[in-house]
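First, one chain by itself in structure tokens, the form predicted alone.
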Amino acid sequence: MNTSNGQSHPEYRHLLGIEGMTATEITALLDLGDRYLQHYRDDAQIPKVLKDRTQINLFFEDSTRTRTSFELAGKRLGLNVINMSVASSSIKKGETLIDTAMTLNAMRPSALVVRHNASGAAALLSQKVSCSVINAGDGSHEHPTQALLDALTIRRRKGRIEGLRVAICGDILHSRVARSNIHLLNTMGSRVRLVAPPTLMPPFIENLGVDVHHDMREGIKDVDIVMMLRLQKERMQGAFVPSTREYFRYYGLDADKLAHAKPDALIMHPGPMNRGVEIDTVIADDIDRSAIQEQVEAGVAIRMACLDALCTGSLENTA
């Protein structure tokens, strides 16, 4: 977690990335998310701990899961949630990102949830506002709440994170999800492998403490978790793979490749999925091994935990 910005609301803190967070802070968020998840699985009444506060979702990139889950998370906590439509905002009239942030800040929200196509955008905004800023994905940099919900899903299914072998497979080069997961899994004691063709593997990625593989079967051999990533064609300029058919042949997860992982290996995907490109439909829908729908459910719970912790300062004593 990032410390407060020292402005007029010292209780506020920011969630800009997983890098730099401690295992204690991560565990505290996972524990809180776990309680919220169990609350609504049991149809229990969730206290409106943030009643009458305001949350603004400012999304410069399209999103279904992340924006909807942040909206639902805020409403379950009692927040007044505002979804800003960037397409019809003053940004389209030439207003800068910082001017927009200052305008929103004057409305005194408690939380600003930001998704932007530029790395560092959320960090920049956090320096200009007096509310809590949550990074909902910035360029190819980080997507911290996705890594947290992935970790919550893993912990609930496997009972632990420490000591697990996790293979992250696919478009590593353009993936903020991969970067956040690498930081989180390493911090929590997992052993991380990256599997991708050389054209989709960032240079010097080994410096982050991961094992790099270019062969799918070798890369997922005996792993506990197989985490697939989407080919992010919208971030690609030029030919990174010969064709989607060729990509699936060598790097798409199917029954033949999955047989090299542990028999109880968990299958994950942050969505949206390209069926038949990075994952076979039968594998994606395997009710025993696929945790993809559980990831969506965990997303609401972990975003509730983040909003609660940031707006109330409940993690101040965990760092």
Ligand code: CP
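Don't overthink the numbering: it's just position in the shown sequence, from 1. All values reported here derive from a predicted model rather than from experimental measurement.
Unshown form predicted together with the named molecule; subsequent notes refer to it.
Residue in contact with the named molecule in the model of the complex (any heavy atom within 4.5 Å), chosen from Ser63, Thr27, Gln38, Gln293: Ser63.
Put simply, of Gln146, Ser126, Thr153, Asn135 only one has a heavy atom within 4.5 Å of the named molecule in the model of the complex, and it is Gln146. In summary, the region of this chain contacting the named molecule in the model of the complex, judged by heavy atoms within 4.5 Å and restricted to 269-277, 255-263, 28-36, 50-58, corresponds to 269-277.
Contact check for Arg179: every heavy atom lies farther than 4.5 Å from the named molecule in the model of the complex. Along 105-119, one residue reaches a heavy atom to within 4.5 Å of the named molecule in the model of the complex: Arg115.
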